[in-house]
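One chain follows as structure tokens, the form predicted on its own.
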């Protein structure tokens, strides 16, 4: 189990970004972090990852505080994919292989290469594996970085808007793949995402942030119209279509007819 306890962060003493954030995740669950721009979603991931040092709080992975670990040990427990990634003159294969760095002593072993090949294949990147990452699209680069994080075999995977540069087909493919791998490999996933319909389809639980604090945390039962409307300050309807729950925003002044 992953436990985030009393996590607080602010750039200055009197300007808190996050206050007393507490939640837990089972090792096979995918958690969507939701909220308006500026709610602290990306900051929360960076605090969990130790990129930003929280003023207080702990992040426990199987009882061990990752914030007190050395970087190599932390990398074996936790992987992070940022919103934006720099493209360098490396091939897709070598970039993904970097995800095995915490496990490599002198040189990569046969098992490292086999895992990289397997994950590249599962993420549909075979045709790109010898391409340089500064020559591929932003969406393809995002998939490469997610693949690199997965070969770390972390216990906790943090994804900051992983579908932001992807077309609709790849958005659904990537989220479905992350969901499946989380369950197969017993990885806990925390994903910052703006697309509520992707979140509803592929995530197990939902963490809603508002005014620096957790407004609500739970399963699909908390994703109700009044809660979503309060968080995003826009009326919504939640409808069932072809067995899938769908959130439909209703901008002010627009007339929407539900049949």
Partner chain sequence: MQSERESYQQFIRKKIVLLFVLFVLVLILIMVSLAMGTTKLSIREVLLTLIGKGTKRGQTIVYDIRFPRVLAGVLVGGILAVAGAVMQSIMRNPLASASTLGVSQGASFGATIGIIVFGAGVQNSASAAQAVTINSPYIVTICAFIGGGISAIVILLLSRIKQAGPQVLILGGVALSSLFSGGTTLVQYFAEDVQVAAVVFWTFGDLGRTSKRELLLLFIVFLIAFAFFLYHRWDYNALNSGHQGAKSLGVNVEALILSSMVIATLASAMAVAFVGIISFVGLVAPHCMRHFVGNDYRFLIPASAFSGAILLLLADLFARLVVSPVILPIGAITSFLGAPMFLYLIFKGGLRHDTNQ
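Numbering follows the first chain given and starts at 1. Everything numeric in this text was worked out from a predicted model, so none of it was measured. Throughout, rigid core stands for the largest set of C-alpha atoms superposing within 1.5 Å between the two forms.
The same protein also exists as the form predicted in complex with its partner chain; that form is not shown, yet it is the one meant from here on.
Q: Within 4.5 Å, heavy atoms only, which of 178, 78, 128, 123 is in contact with its partner chain in the predicted complex?
A: Contact with its partner chain in the predicted complex is made by 78 alone.
Q: Between the options 153, 165, 170, 91, which residue brings a heavy atom to within 4.5 Å of its partner chain in the predicted complex?
A: Selected option: 91.
Q: Check residue 157 for me: does it contact its partner chain in the predicted complex (non-hydrogen atoms, 4.5 angstroms)?
A: Outside the cut-off, so no.
Q: Does residue 182 reach its partner chain in the predicted complex if we count a contact as any heavy atom within 4.5 Å?
A: Residue 182: no contact with its partner chain in the predicted complex.
Q: Is residue 145 close to its partner chain in the predicted complex, meaning a heavy atom pair under 4.5 Å apart or at it?
A: Answer yes; at least one heavy atom of residue 145 falls within 4.5 Å of its partner chain in the predicted complex.
Q: Please tell me whether any heavy atom belonging to residue 139 falls inside 4.5 Å of a heavy atom of its partner chain, as the geometry stands in the predicted complex.
A: Residue 139: no contact with its partner chain in the predicted complex.
Q: 46, 97 and 106 - do all three of these have some heavy atom no more than 4.5 Å from its partner chain in the predicted complex?
A: Yes.
Q: So which stretch, 65 to 73, 25 to 33, 191 to 199, 229 to 237, is the one near its partner chain in the predicted complex (non-hydrogen atoms, 4.5 Å)?
A: This holds for exactly one stretch, 65 to 73.
Q: Could you check, with the core superposed, whether the Cα atom of residue 184 shifts 2 Å or more between this form and the one not shown?
A: Stays below the 2 Å threshold, so no.
Q: Would residue 77 count as moving between this form and the one not shown, using a Cα shift of 2 angstroms or more after superposing the core as the test?
A: Result for residue 77: no, shift under 2 Å.
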